[in-house]
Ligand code: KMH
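Here you get one chain, nothing else, as structure tokens; it is the form predicted alone.
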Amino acid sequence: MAATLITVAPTGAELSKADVPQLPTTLEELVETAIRCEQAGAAMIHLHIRGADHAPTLDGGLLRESVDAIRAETDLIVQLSTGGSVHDPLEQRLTVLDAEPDSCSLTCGTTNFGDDVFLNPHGFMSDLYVQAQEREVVPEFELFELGHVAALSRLIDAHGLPFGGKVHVDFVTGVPGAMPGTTAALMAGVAMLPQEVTSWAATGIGRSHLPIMAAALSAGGHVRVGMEDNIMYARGQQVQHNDELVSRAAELATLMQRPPMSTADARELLGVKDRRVR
């Protein structure tokens, strides 16, 4: 069976530094996290950026600085979130591409997000899709609902394949109000994927972290882990560093005879443009 692409999502936009002091929010913490997670088996990092006050930000200078710093210190594929915070305006979310990441998230529809609504109307998705094509950035299509699979097909039908010619999706499960973090829900989504999809991954939020990871690995999918999605390693035991979650994913993948994928193989899998300066 194929090797496993492990993506680490170290920070997110929901948790506060005051509540979770070990959450990496500064540039130095993000670079240190990236280095350790690459050593543990990750091949891609999914970034949300925080400002000096540790609050989520889409500041273009900070985004560019983070991309450049991680690219200089690791071989990880650098993926920027275009979701930012659920409160960020749509037009500002498009400016994330100015930082020239290797990849960007592209959420395929509006979804309930706890007590909030994560807004992704079709026009915004379409604009992001086309701009990513033009800037040679590989999108990762985030699917929070089964209806998002149909929205993905609509985008491909309208605009053709994304840059790189590959279509990689990530099922984000277990968000309160969205697709549940169950094997049944995940497999329903996988069964619906259009033929253009070349690879898929899954994310389990909170308690669904381990069951979804196991389900994805057993079904030929890839995995995303990290403190953005889950801060508990076990009952009563909080995660102290993102590399703990990456190491566990790497151990389980290896046990399943699907060892962690190298960064070079991950770049080939996703069709990523090499922006590294060597």
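Just so it is clear, the model here is predicted, and its values are computed rather than measured. The first residue of the shown sequence is 1; numbering continues from there.
FYI, the form predicted in complex with (5S)-5-amino-3-OXO-hexanoic acid isn't displayed, but the following is about it.
Contact check for A13, S81 and S105: all three have a heavy atom within 4.5 Å of (5S)-5-amino-3-OXO-hexanoic acid in the predicted complex. Using a 4.5 angstroms threshold between heavy atoms, T110 stays clear of (5S)-5-amino-3-OXO-hexanoic acid in the predicted complex. Contact between R50 and (5S)-5-amino-3-OXO-hexanoic acid in the predicted complex is not found at the 4.5 Å heavy atom cutoff. Contact check for D243: no non-hydrogen atom falls within 4.5 Å of (5S)-5-amino-3-OXO-hexanoic acid in the predicted complex.
Taking non-hydrogen atoms only, F118 approaches (5S)-5-amino-3-OXO-hexanoic acid to within 4.5 angstroms in the predicted complex. Just one of M187, V86, A158, V130 comes within 4.5 Å of (5S)-5-amino-3-OXO-hexanoic acid in the predicted complex, counting any heavy atom, and that one is V86.
Between 95-103, 176-184, 110-118, 195-203, the stretch whose residues reach within 4.5 angstroms of (5S)-5-amino-3-OXO-hexanoic acid in the predicted complex through a non-hydrogen atom is 110-118. Residues from 23-47 that approach (5S)-5-amino-3-OXO-hexanoic acid in the predicted complex with a non-hydrogen atom within 4.5 Å are limited to H46.
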